[in-house]
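In the block that follows, a single chain appears as structure tokens, in the form predicted alone.
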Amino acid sequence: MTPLLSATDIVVQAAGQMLVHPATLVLHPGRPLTILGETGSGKSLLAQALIGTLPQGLTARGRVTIGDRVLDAADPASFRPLWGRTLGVLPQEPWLSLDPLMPARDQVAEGHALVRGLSRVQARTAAVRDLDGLGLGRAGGLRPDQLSGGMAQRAAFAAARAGGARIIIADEPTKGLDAHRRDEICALLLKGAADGGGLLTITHDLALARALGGDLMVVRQGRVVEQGPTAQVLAAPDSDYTRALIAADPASWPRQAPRPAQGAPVLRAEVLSAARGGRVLFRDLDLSVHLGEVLGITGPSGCGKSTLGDTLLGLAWAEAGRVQRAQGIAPVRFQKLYQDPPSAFPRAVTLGRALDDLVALHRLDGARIAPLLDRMRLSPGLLTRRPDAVSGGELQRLALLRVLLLDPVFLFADEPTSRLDLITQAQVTRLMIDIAHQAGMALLIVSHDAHLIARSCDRVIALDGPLAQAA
């Protein structure tokens, strides 16, 4: 069987430092290949080197063969004629790939028109069909900023497929999605592969890796530590790292004993109701959050989890009801950890400059940055890069670090670990909970992962339609 794509001795470097050590892989038609690894391990950089999309400042070398073309990884321009037609990319951060001013339907139609050559009417019809198939029929007229994280990911998937590319590179395609939507995306990815297409997926989602099957590469610190058939590797892993990754699944975490609420609430909501796009998300919701308490919110994609957190912070309007915050506390100490950190970091400055600006603006202690970097397993060298030159997981941990510098009394963490591998997810979740308990910070966690919420939180609110249920 002739491979759709093969790569030999792919290396990625930055300022003389090797980020991805020589890696070789083969992608066969109809057989998915999944790259599984730790946050910041280089798995996304490896995929970007294969298609010529590395961020500025990073270089690659090695040989990539796609069909009858032999390409030099050191020459990213040579890959451009294949973009959209042969290579379709579903990026890790949908909001960076979607036009912020264009409705989702028009963005998908654009691919059908410009790449496939369909007429305007045909392209629009095809875009509506694509979005309907992803459960986004009613959201086609919305801009990316009006979509939830899961909805934006599905819209980006439709846009990536619009050009008819035979090979799809999917970078964390199910992050931020509930189990039902994850299975839908998985089925769509597999459908393309079943028709003889190629599918290369980068993920830290063990459930997705299992469902995709095919072959698996496990990457750690820029090195391939294990590879083989997915079922074989996950059933009987050879490396200690793979075994630790499997054992870190939230379903295996011990349950925490709920902590009783103490003192007056730092935030209270009464008969709160919200709607989006004419659809009621929740109605007549009462809740209070106390210092040191960890409250979880779970539910399917688009059910209003993020809207609830934004409403509590005053970032979104409520249809009815009111929110009261404890008096005498500076507004800056009510903070949000965003689901998609690229939307919260300035793109044109380094991460170190962004942190320094925060320190200067609020007269904070900059000496706290170094120990927080160490606690979150982040290299100080990351601060010399811009946001697009680090992994999504690294950027999410840096976003958490930035928020913690402000000593929040209430932190709304919107899918805070959706970009993290299982091991780092467990560590960061434990870090947030420890800080909440030790510093007396009220913590509101939103997640699609019911196991993570059930095993981390003192109380849980399940959103699924207008009526919310508290546990």
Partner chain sequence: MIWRALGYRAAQAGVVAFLVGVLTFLMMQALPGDMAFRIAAGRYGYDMVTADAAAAVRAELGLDRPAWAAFMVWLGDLGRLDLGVSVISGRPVWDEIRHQMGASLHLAGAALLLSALIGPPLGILAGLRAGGWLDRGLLVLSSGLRAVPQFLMGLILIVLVSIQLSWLPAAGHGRAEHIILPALTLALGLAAVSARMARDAMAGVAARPFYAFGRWKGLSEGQMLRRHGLRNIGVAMVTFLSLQFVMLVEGVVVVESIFGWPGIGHALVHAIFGRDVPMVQGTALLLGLGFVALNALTDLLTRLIDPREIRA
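Keep in mind the model is a prediction, meaning the values are calculated, not measured. Numbering follows the first chain given and starts at 1.
There is another form of the same protein, the form predicted in complex with its partner chain; it is not shown, and what comes next is about it.
Though the partner is left out of this view, D106 does reach within 4.5 Å of its partner chain in the model of the complex, counting heavy atoms only. Proximity of V271 to its partner chain in the model of the complex falls outside the 4.5 Å heavy atom cutoff. Within this chain, W83 lines the site of its partner chain in the model of the complex, having a heavy atom no more than 4.5 Å away. Heavy atoms of T424 never reach within 4.5 Å of its partner chain in the model of the complex, leaving it off the interface. Annotated contacts: T174, D205 and M217 are all free of its partner chain in the model of the complex [non-hydrogen atom within 4.5 angstroms]. The stretch from 228-236, 260-268, 187-195, 97-105 that comes within 4.5 Å of its partner chain in the model of the complex, counting heavy atoms only, is 97-105. With the partner removed from view, the residue among L383, L134, V115, L245 that has a non-hydrogen atom within 4.5 Å of its partner chain in the model of the complex turns out to be V115.
This chain appears without its partner; in the model of the complex, the one residue of D145, D249, D374, D284 with a heavy atom within 4.5 Å of its partner chain is D145. In sequence order, A156, A159, A160 are the residues of 150-164 having a heavy atom within 4.5 Å of its partner chain in the model of the complex; the partner itself is omitted from this view.
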